[in-house]
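A lone chain, given as structure tokens: the form predicted on its own.
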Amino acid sequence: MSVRSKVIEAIQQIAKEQNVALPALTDDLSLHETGFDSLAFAILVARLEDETGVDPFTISEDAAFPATVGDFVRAYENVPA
């Protein structure tokens, strides 16, 4: 499974668990527009860290939180091996 697929699947699963009605997940969709609150994002990052073994937001001192779904996916895709 690709990194993109893992991230999208995790977003969809957490939305279901948190009773969030997700819009279509396009790369240019603002993370704010996903309907996730800070708890849902924390769960998402923790779950992806468990699954992938990395948290791209803590491995770099200058990491910035992404603004869009595409930015979020790329943060995981661009983690150095």
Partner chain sequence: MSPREIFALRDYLSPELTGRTLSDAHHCVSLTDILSQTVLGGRLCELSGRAVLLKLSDQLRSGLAMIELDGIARRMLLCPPDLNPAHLDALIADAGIDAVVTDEPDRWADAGVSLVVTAQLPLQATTPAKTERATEWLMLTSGTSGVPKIAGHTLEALTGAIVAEGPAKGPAPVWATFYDIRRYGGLQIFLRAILSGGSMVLSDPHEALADHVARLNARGVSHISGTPSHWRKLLMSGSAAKFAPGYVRLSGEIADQAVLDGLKAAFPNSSVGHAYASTEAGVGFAVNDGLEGFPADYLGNRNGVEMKVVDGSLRIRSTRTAHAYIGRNAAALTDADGFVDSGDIVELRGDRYYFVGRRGGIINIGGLKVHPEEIEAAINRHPDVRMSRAKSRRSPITGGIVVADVILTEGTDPARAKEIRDQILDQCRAQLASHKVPAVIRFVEALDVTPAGKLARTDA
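Residue numbers count along the first chain shown, from 1. A quick note: this is a predicted structure, and the numbers were derived from the prediction, not measured.
The protein also exists as the form predicted in complex with its partner chain; that form is not presented, and the subsequent description refers to it.
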- Message: If we define contact as a non-hydrogen atom of the residue within 4.5 angstroms of the partner, is E49 a contact of its partner chain in the predicted bound form?
- Response: yes
- Item | Contact of F41 with its partner chain in the predicted bound form (heavy atom, 4.5 Å) | yes
- Closest heavy atom of V45 to its partner chain in the predicted bound form, within 4.5 Å or not? yes
- Message: With the partner left out here, check for me: in the predicted bound form, does some heavy atom of Q12 sit within 4.5 Å of its partner chain?
- Response: no
- Message: Only counting heavy atoms and a 4.5 Å limit, does any residue of 64-78 reach its partner chain in the predicted bound form, and if so which ones?
- Response: F65
